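Only one chain is included here, represented as structure tokens and corresponding to the form predicted alone.
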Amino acid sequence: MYLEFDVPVRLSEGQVRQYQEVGYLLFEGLLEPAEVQALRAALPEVLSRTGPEVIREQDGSGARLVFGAHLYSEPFRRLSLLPRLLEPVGQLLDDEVYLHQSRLNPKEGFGSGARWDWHQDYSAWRRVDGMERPDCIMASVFVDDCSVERSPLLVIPRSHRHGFIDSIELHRDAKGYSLYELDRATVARLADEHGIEPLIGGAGTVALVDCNLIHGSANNISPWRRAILYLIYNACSNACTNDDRPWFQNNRDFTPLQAIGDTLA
């Protein structure tokens, strides 16, 4: 789906209905090439961090997740405050928003970027962080091209309309993060009903994804990296009540975000 942005940014009624019906909106070229380059230039410093905010792949080949880049990298901080992101997110949630977390999945090539099993993101936030309602949006920023051969994010459209799937989830506590994997029978049933769609687009594409939309991805066996930054915007009225997880996974500052000028420069 394509969108031309003016200031202030507003989604059309049709776009809002599509998000509510399908569970995501995809905006090709939301970021300019120079803005993508600014994010890429910041990646080496982000990926070289050695703190607990960096979760390694199980084979030790590199970073699987890097949490909190918006707090220590200026380009990623500015990205999170662009009106091109904040305005549509606030409109869809009908609320002021804060960042519950950000996380970078670099998904390196030749198989070192491992798979993500089918899940709903809201499961962990509800169970672990005490997020009362699924009033949360995963803004997925394509730092690299996300093409079919690079193991893109796969979603089951309309699966969010089944709500939070609680009674049939299987808990798997991975090192450094919590993932609640859905059982195969449920995934097969919903995939047969709704299909599976890849979220593909060039670098600079952004997908706004409902936090209950079922998604996953396969190993990236291509030679090329497929980095996506996930900005998790939560409604301020839906602030999490638990504080078991650290700052980089469960932000405790619920101050409403204020948009900056519409540039990463």
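Just so it is clear, the structure is predicted and the values come from calculations on it, not from any experiment. Note that residue numbering follows the sequence shown and begins at 1.
FYI, the form predicted together with a small molecule isn't displayed, but the following is about it.
Visitor: In the model of the complex, does N105 have a heavy atom within 4.5 Å of the small molecule?
Guide: Yes, N105 sits close enough to the small molecule in the model of the complex that at least one of its heavy atoms falls within 4.5 Å.
Visitor: For S217, is any heavy atom within 4.5 Å of the small molecule in the model of the complex, or not?
Guide: Yes, S217 lies within 4.5 Å of the small molecule in the model of the complex.
Visitor: So, D129 and the small molecule: in the model of the complex, are they within 4.5 Å at any heavy atom pair?
Guide: Flag for D129 set to no.
Visitor: Mark W116 yes when one of its heavy atoms lies within 4.5 Å of a heavy atom of the small molecule in the model of the complex, and no otherwise.
Guide: Yes, W116 lies within 4.5 Å of the small molecule in the model of the complex.
Visitor: Among D121, R226 and Y230, does every residue place a heavy atom within 4.5 Å of the small molecule in the model of the complex?
Guide: Yes, the whole candidate spot contacts the small molecule.
Visitor: Only one of 68-76, 105-113, 183-191, 84-92 gets a heavy atom within 4.5 Å of the small molecule in the model of the complex; which is it?
Guide: Only one stretch qualifies here: 105-113.
Visitor: Pick from V143, L153, A139, C136: which residue has any heavy atom within 4.5 angstroms of the small molecule in the model of the complex?
Guide: Answer to the contact question: L153.
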